[in-house]
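As a starting point, one isolated chain is supplied in structure tokens, in the form predicted alone.
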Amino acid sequence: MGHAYQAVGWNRQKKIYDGVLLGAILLYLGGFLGLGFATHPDATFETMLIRALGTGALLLLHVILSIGPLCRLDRRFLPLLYNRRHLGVAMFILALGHGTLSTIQFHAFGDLHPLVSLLVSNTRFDNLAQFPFQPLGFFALIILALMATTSHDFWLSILSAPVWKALHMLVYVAYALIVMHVVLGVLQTETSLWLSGALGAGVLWVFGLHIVAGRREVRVDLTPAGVEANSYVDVCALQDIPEKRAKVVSIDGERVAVFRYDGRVSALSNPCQHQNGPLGEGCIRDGLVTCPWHGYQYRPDSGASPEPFTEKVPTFKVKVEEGRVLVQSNPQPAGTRVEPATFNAEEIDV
């Protein structure tokens, strides 16, 4: 967490992460160029570099879209989520290089402005075999540019979390445009079954991961809805909540993170105020609920961040009866302290 904006706040983990990322990108580009010239000795350097940058960006985009659902399925992937925006910016830089070089190579030497030429040089929208695929990539690049330029927390604060999140959900629109760009472009001229199979496998992987993770999330929302105001809802047994962690439940359509720690139980609204991260998938660290996405912290009894931070989330009243945890359906205002429920160790085994 930080209460003042910095251009980039590199800590040791970020430096290692970015160093590995940069090394992997350079290794990929070098390997692609070497293999490309070995198999296509007559190709120009510009053409090979365009392909290397484009395929590199597409691979990174698949990795980026896989991180979210993988973290839902296995917490060991959370370190990737912590710096996912770095991956996004790196992917955009590769895509920008691919788009810039392609525009120069194919549109920079005519009478029209290169961007105008890109948009109007092919208007055969009624012919699938000759469909103008380049504008699809251009529109995808605009979306990626908006996401990259608003990736810093400064823009998150200016736009608000819901607007920022909606903007960055456009990555799925960009992904669809890029897939069509590749299918209608490269695959029109390439006859390689390996290339077709690789792209198809990538699409199936992304959609499959999201479906599996989504089905797990649906189970959470199948808990009681339509409960009476201010009534207490039996959400789980004490033993269902790991020590210093939470169980996420749904009460009247709202997700609640119920934490057990040091003989106490507290309940908070699940979305983190930073990027709507899942607080319930985090843990109690140094006495504070710690979001697994970017480390934002809240006091479990009040939902307020420690000073000088100002983030707050709603809290819920909690009771423990005969080893069962009951949560009041109505949330308290964000930052309101609620006395934690207490229990005896024997109740965990009830």
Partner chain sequence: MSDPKQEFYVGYLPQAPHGLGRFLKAGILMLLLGTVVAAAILSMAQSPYSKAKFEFGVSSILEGRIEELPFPTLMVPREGGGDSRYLLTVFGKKGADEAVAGFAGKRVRVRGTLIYHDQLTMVELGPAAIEVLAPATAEPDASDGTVAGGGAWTQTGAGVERSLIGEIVDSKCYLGVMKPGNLKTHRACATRCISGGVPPVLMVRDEHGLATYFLLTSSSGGSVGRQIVDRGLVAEPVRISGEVVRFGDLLVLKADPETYQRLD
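For clarity, every value in this text was computed on a predicted model and none was experimentally measured. Residue numbers count along the first chain shown, from 1.
Below, we refer to the form predicted together with the partner chain, which is not included among the displayed structures.
Using 4.5 Å between non-hydrogen atoms, is Gly282 touching the partner chain in the model of the complex? Gly282: contacts the partner chain in the model of the complex.
Looking at the partner-bound form in the model of the complex, is Asn127 within 4.5 Å of the partner chain by any heavy atom? So Asn127 counts as contacting the partner chain.
Counting only non-hydrogen atoms and a 4.5 angstroms cut-off, does Gln105 reach the partner chain in the model of the complex? It does: once the partner chain is placed as it appears in the model of the complex, Gln105 has a heavy atom within 4.5 Å of it.
Distance check, Arg84 to the partner chain in the model of the complex, heavy atom within 4.5 Å: Arg84 lies outside the contact set for the partner chain.
Ala57, Ile67 and Thr149 - do all three of these have some heavy atom no more than 4.5 Å from the partner chain in the model of the complex? No: no residue has a heavy atom within 4.5 Å of the partner.
Just one of Gly110, Gly253, Gly208, Gly200 has a heavy atom within 4.5 Å of the partner chain in the model of the complex. Which one? It is Gly110 that has a heavy atom within 4.5 Å of the partner.
The partner chain isn't shown here, but in the model of the complex, which of 69 to 77, 159 to 167, 210 to 218, 139 to 147 has heavy atoms within 4.5 Å of it? Contact-bearing stretch, as computed: 69 to 77.
Heavy atom within 4.5 Å of the partner chain in the model of the complex: which residues of 194 to 210 qualify? Trp194, Leu195, Ala198 sit within 4.5 Å of the partner.
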